[in-house]
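Below are two forms of the same protein chain, given as structure tokens: structure 1, then structure 2.
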Structure 1
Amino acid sequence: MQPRPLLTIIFAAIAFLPAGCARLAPAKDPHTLYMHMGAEPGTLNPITATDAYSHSINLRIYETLVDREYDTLKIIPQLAERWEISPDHLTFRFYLKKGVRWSDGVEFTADDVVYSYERIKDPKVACAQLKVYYIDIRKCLKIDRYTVEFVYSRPYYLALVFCGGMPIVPKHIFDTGVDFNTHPNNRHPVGTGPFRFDSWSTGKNITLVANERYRGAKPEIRRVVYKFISEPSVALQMLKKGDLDVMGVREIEWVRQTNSRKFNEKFYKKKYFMSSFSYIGWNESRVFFQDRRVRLAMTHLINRKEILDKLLFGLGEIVTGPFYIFGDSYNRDLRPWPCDPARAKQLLKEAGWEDHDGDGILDRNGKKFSFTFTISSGSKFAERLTSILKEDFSKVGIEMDINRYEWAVFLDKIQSRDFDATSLGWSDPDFQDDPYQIWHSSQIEGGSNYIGFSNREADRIIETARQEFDPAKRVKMYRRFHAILHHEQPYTFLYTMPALAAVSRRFDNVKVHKRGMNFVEWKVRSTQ
């Protein structure tokens, strides 16, 4: 349930549309769902995975102690049948469901919960993005085979969400003396969810099949094939041919390439907002972006409204901070910084960046303002965005090169802080507000604070808000935190964009939920 990188569309809250009048030709296997995936996951270990591609697959394989109801977001039992919380909010005891089986037939017990917690806390395990949510847990105890208890050192208003939503892996699979980070089962997961892992064809697809040991209602979809297709136009053609059933479509495809009567007879078109935003991150360890005035100048040089209209067809909303734009924590008193090149030049001059040697490039203390913008080679938006930025920055004497990397290499560059500037996004699929993972200064080394933002007041707010159980008081803190980010501009916040999805009409019961679209509940339409 932790915030995760927005690396692909996470299907969510999609409205049910009535079926079209055209009769669909029967598929070779009507109970197989073919889903588009823009890149290949690095791992299917839910503890070490950091990207949304892995998350979307693991969501169907693994389960946690508690879950969220899809419409209300209310916490509901999953692997736990019930729980007790002490009056001081420090002790959480979970009573596990009995008879739950991992997909290989071994029973799920408290040992699996304790083992998973110990791996998250293990400094040798590469899961910095998770560790921040468990720093206040003093111990995780096995009370008996079906009872486990978490004891906190101090209250945390999201404690139930995170100890109950902790990723759990099977101890009997992983506790073999093999390095957890590179364990073979990271590519061959064993879970308790409605689907089990079947195969992984590197560079091509991952296939799941219905888990015959799953204790809940059996889904009508019996097989799911995630196809890796990096080129969106190729994926769209495959969708139209019937080789894919579900894919997120780009803005240009939504507006110009999926509006025909024929397309709408074969597919539902779904548009919905999640808690997510895109951004340009300025690495504050680089000399160019250490000064707040320079970061603000860069924002003033970017015409976000024009980019939104030209590249994204006006479908999104410009944002000023990290919270869900329609949520209480979002500070609506803040207006986006305008595109103002004159003000940008003034700020750059105040920060010491001028063209002292007359070569057309700004410089300071003999160093030219020449930096590299790092992007994923598979992102059409990033490609077009950086082309615009390169031209606009050059008009004021800033030289920008563009480095393009295949997804896995790109992600490694970002996580190792080996970049000057980049464009990415964050998604919070459970609509939580805790900004610790991305913004606390402790996360600069090894965490998700990739751009090196550090602010004492911001740290204090983040820490204090974690222990505030009064929503009104916590919202007030987060709005102040939002204002700090708006002033400091560690990111140039770009947009919150609606997810745009196309789904084959050979499925019924394709409902919209606040939390997301759940294909486990879809029905295979009869072709009779």
Structure 2
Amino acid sequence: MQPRPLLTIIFAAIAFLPAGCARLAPAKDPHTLYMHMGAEPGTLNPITATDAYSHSINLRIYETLVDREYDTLKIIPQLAERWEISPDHLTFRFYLKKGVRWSDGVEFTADDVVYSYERIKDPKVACAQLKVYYIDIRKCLKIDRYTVEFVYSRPYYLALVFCGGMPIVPKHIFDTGVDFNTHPNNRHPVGTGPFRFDSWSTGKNITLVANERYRGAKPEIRRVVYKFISEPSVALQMLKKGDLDVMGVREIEWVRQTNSRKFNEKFYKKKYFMSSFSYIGWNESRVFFQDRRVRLAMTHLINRKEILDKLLFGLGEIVTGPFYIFGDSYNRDLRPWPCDPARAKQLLKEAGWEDHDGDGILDRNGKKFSFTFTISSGSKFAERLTSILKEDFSKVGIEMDINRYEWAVFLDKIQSRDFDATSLGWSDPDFQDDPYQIWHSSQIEGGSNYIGFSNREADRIIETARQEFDPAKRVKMYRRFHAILHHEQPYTFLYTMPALAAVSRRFDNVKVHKRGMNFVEWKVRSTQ
């Protein structure tokens, strides 16, 4: 799962864009797609990349052994022709497709797979968040030129997804004795996918062109330009002018700035739910939030419904747990805790928080209930949410300060667990459900469980579910796990928001799948 700033990332920089110059440009090639990108990726190396932006570009350049079907999420062959799984679920043997070529003409073989695996395991390679998923692989063997085998040390129901979905880089390009983390080809990728890298103009755009050596069906879009525009309102203006074909729009733009007839004649508006949610995390190592009753009281104090309706225009859904709201693991028997300040006061009193000294602020054993809410300065929603919370909390005698930090500093604060409360989101783009990374108590130190959630039953469920291959049984376990989270309230779960996108009507066959949109299948409408 990837952490992401709440709902939108707006980097603290204002893009100075030559507003008028695009009009002078010559007529556009209809087979070129202009995509909006909110920030520039740091690298295009699929192994060391961490941000969602580089993933979305690498997806078009690099391929993996297996892929997932866009609608059913069924595992389908990509670079592997077929595979065999041993009955004990520990050994995975992949038979590679023959004659697949990297975009520079060199043949793709088992050596590339083994090399990529070794890089992920290499302690010198900076890819901590990827390494977590390959801890349980004991070895990766080359059987012959077109066969590789992964051996796990313990069974895991997502094993095939992870060893088959491992990023693969070309050995002949990267294995040149240069440091992998700073290899020049990190900015000049060579892959096997439908598109190949063309150019990267720093601060402006990245361009991909169709890969002539691609073995599959050729996409109608021949060229893709990812334009980096950090200011969303500028991006929207460019979209309206026709300088962009695709962009993710924000809630307010969806509701108030994209409804004109003219806009709808030029653009499709697509709205779909992915597996992601936003939350408020209460740091359990802080004296205030150790007590379940206090955390529950905080949830009761937040008017999630009204904030959703008014600040987010009612576009999302309130969630009660981490799973995909329309998936099987999501426990629909649980109702979101209502906004109920009276009940919250009662709970706080039970936990010992009362205004003993009459100064208007709750206290317990002489300590005032006064905490800091840490947010990232890029997230306007978090800013709005927290200033509302500050006002609401003060009414029951809880003092709250808001501290916003720049994204990198903010992430550092969160990871070093130096915060009282924070608001962020998680996304699970592949619908994997496995809660291990965020909720297992082993992930408190240095992992993603930075709020310090630790519950013996939850740990046990997470561990056994990983080795349970019967989906029905796993769903039962996860629903129980969901109920534990609902009871304990380590997070105040907020919303799952739909992805909102505007796509130019220059294209046809723009379909929304469970995994989202895929421009490789789009058709270019014949010029009017």
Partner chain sequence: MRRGYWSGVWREFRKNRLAVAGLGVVLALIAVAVLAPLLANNRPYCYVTEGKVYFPIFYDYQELRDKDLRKDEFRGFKIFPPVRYSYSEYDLNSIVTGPGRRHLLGTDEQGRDLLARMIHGSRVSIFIGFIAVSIYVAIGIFIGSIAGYYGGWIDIVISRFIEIVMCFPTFFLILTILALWGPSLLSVMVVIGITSWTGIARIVRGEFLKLRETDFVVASRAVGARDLWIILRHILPNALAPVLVSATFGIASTILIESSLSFLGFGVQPPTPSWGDILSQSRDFMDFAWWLTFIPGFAIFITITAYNLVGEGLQEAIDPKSPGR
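Quick note, the numbers are simply positions in structure 1, starting from 1. Since we're looking at a predicted model, the values are computed, not measured.
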| property | result |
| --- | --- |
| Which of the two shown is the form predicted together with the partner chain | 2 |
| Pivot point of the rigid parts between the two structures (hinge, one of K368, I173, M274, D243) | M274 |
| Rotation angle of the smaller rigid part relative to the larger between the two structures, in degrees | 17 |
